[in-house]
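Presented as structure tokens, the chain that follows is alone, the form predicted alone.
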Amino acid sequence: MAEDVKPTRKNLMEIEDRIDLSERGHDTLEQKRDGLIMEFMDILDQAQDVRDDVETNYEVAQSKINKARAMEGDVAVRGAAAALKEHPEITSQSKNIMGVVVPQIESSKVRKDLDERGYGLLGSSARIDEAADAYEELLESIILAAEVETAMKKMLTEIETTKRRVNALEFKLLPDLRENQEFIEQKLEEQEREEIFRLKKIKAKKEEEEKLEAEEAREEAELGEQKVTADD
């Protein structure tokens, strides 16, 4: 509350410094928020594309595996899957987007040549190869989706945090500081007017005392002259 602030010039200067700092911080946070929103919109567009790819690739992979099972049988499909020796490897690093650390997922050994799948050329068929290709493509799109979705969530969290800080400055801290500033300025103006009024009273009283002293001195001088005349 403004009434809790002592109306001193020192406090006024401190509040003015805080207002200046808060306004600059508010402007900086607004710029960050706007920049984050722009980055988020780009990631959102990318996320939509990635989601569409995952959905499309999933439908293709399901269609391919169903054909392979129908033509080659479950035993052959499961045997080809079990023959895989080198599994995909995933590593996660990080990158910075306007102060937000988001994951950057790297994958290897997802895409494989026919001779790298373990089941051999003679133990396979075109349908199984097509299904394997489709699932490798699906896995790549899922990995990319995980990266984009995680980045999007982190960006959204940072946007909400920044918006709360902007609102706290704009609608709470700065109004309170300006209220305190106005309160102190008004009190200082009142004190200044009271001081001016007091000084005027002191000056008037002093002038009145000087006037009385002058009259008393004049009366004493007149009495002295009258006494000299009477003695003569």
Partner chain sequence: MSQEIAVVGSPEFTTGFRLAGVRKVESVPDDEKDERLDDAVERTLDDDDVGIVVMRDADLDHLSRQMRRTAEGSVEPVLVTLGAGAGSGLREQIRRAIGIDLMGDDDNADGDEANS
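Residue numbers count along the first chain shown, from 1. A quick note: this is a predicted structure, and the numbers were derived from the prediction, not measured. Whichever C-alpha set is largest while still superposing within 1.5 Å between the two forms counts as the rigid core.
Although it is not shown, the form predicted in complex with its partner chain is what the next lines describe.
Enquirer: Looking in the model of the complex, is its partner chain within 4.5 angstroms of a heavy atom from every one of 16, 24 and 104?
Expert: The answer is no; none of 16, 24 and 104 reaches its partner chain.
Enquirer: Is residue 48 close enough to its partner chain in the model of the complex to count, meaning some heavy atom within 4.5 Å?
Expert: Looking in the model of the complex, residue contacts with its partner chain include residue 48, since a heavy atom lies within 4.5 Å.
Enquirer: Would residue 187 count as touching its partner chain in the model of the complex under a 4.5 Å heavy atom rule?
Expert: No - in the model of the complex, heavy atoms of residue 187 and its partner chain never come within 4.5 Å of each other.
Enquirer: Under a 4.5 Å heavy atom criterion, is residue 58 part of the interface with its partner chain in the model of the complex?
Expert: Contact with its partner chain, yes.
Enquirer: Is there a heavy atom of residue 143 no more than 4.5 Å from a heavy atom of its partner chain in the model of the complex?
Expert: Looking in the model of the complex, residue contacts with its partner chain include residue 143, since a heavy atom lies within 4.5 Å.
Enquirer: Within 4.5 Å of its partner chain in the model of the complex, heavy atoms considered, which of 69, 32, 178, 165?
Expert: Of 69, 32, 178, 165, the residue with a heavy atom within 4.5 Å of its partner chain in the model of the complex is 69.
Enquirer: Could you tell me which stretch in 49-57, 24-32, 179-187, 194-202 has residues with non-hydrogen atoms within 4.5 Å of its partner chain in the model of the complex?
Expert: Every other range fails; the passing one is 49-57.
Enquirer: Since the partner is left out here, which residues of 26-42 would have a heavy atom within 4.5 Å of its partner chain in the model of the complex?
Expert: Read in sequence order, the residues that approach its partner chain (within 4.5 Å, in the model of the complex) are 37, 40, 41.
Enquirer: Residue 166: after superposing the rigid core, is there a C-alpha shift of 2 Å or more between this form and the one not shown?
Expert: Superposed on the core, residue 166 moves its C-alpha less than 2 Å between this form and the one not shown.
Enquirer: Using a rigid core alignment, state whether the CA of residue 65 is displaced by 2 Å or more between this form and the one not shown.
Expert: Passes the 2 Å threshold, so yes.
Enquirer: C-alpha of residue 55: shift of 2 angstroms or more between this form and the one not shown, rigid core aligned?
Expert: Yes.
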